[in-house]
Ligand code: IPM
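Single chain ahead, written as structure tokens, the form predicted alone.
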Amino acid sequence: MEARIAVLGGDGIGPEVTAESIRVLDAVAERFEHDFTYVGGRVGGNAIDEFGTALPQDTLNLVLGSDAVLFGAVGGPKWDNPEIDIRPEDGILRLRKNLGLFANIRPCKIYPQLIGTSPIKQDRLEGVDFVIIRELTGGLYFGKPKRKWENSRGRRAVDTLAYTEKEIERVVRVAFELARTRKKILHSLDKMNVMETSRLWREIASELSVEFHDVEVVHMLADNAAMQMITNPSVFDVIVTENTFGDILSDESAVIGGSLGMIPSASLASSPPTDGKKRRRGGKPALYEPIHGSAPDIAGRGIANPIGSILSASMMLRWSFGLHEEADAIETSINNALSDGYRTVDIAGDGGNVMGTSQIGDMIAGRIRM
């Protein structure tokens, strides 16, 4: 098959890890006789420096003309001045909004080879394999009014947490549909004890549960879920929650696996295909990215973990292109590389053959070609 992939490396380690994903995708293309074309664009802080905006129109145009987007990371100390109006994160937020990517899917799976690198007790990690579905285009990050000002009483700021019935219903539906393909257990997280938006969230989730009567729904307060995720993570299978809670809790879940560098994600405008078929071509593309940030402290040192980005590329093959055998090949190659003891520094623990970013990419790509 032929596919056009927009590659937006962004800032910090973003370009480094996406480069390894391309190397792995090239190995897939070689083995399975596909033709992947890559088009690159500026986004984030580097786009601000060159164009004065975090998402230039040329970048948005090339994204809209692509079949999928492979994203790196944005941000860094250079652009962290709270007084400026344009921030690198505006680029990814605008992409999500322009592409209608309301469902962010973040898996948390424990690799047996890495259990020793997790700060969580090993007996609590057995069988941990869950997915967080985060609502991505509503809530605090997009609500209006959103502003900061000063008056005679001093400085003030406001962010607005707002959700419509449609916004909640569509992402909770995605979660129910995914739960049906797994263990048929859905944890819906909210703060209905103090927030009106959460009361609406729980009300709509309860109404949808009648339609998805074969799925057990567990309503849980988000702060309780934060505790359970560390003390009893195996209780979860599919989790759905609003934007801010999902952002925080999915980063927390990375602690379970030992590193942010291991966690991929997919941002979709509809439910992922569950029938083994590829997504219908045409329309706006989905976006795939590791959940980590730009890690400016290690940028340019060649030690970043590219596995989260490579796993994101695997999700892209599976969900945007319907290439399940190819996605399996990537995941098997990662598993084999870990079993052979190859590690980046963040997952090395007390042992393993510690390698750099490009070396790990080589190891994974080489195993695909075998």
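Computed from a prediction, not measured in an experiment: that's the story for all the values here. Heads up: residue numbers just count along the shown sequence, starting at 1.
Separately, the form predicted in complex with this ligand exists; it is not shown, and the next lines address it.
Exactly one listed residue, out of 263, 222, 178, 92, brings a non-hydrogen atom to within 4.5 Å of this ligand in the predicted complex: 92. Residue contact check for residue 247: one or more of its heavy atoms lie within 4.5 Å of this ligand in the predicted complex. For residue 141, a non-hydrogen atom is located within 4.5 Å of this ligand in the predicted complex, even though that partner is not displayed.
Using a 4.5 angstroms limit between non-hydrogen atoms, residue 106 touches this ligand in the predicted complex. Looking at residue 187, you'd find every heavy atom of it more than 4.5 angstroms from this ligand in the predicted complex. Of the candidate stretches 178-186, 84-92, 125-133, 161-169, only 84-92 has residues whose heavy atoms lie within 4.5 Å of this ligand in the predicted complex.
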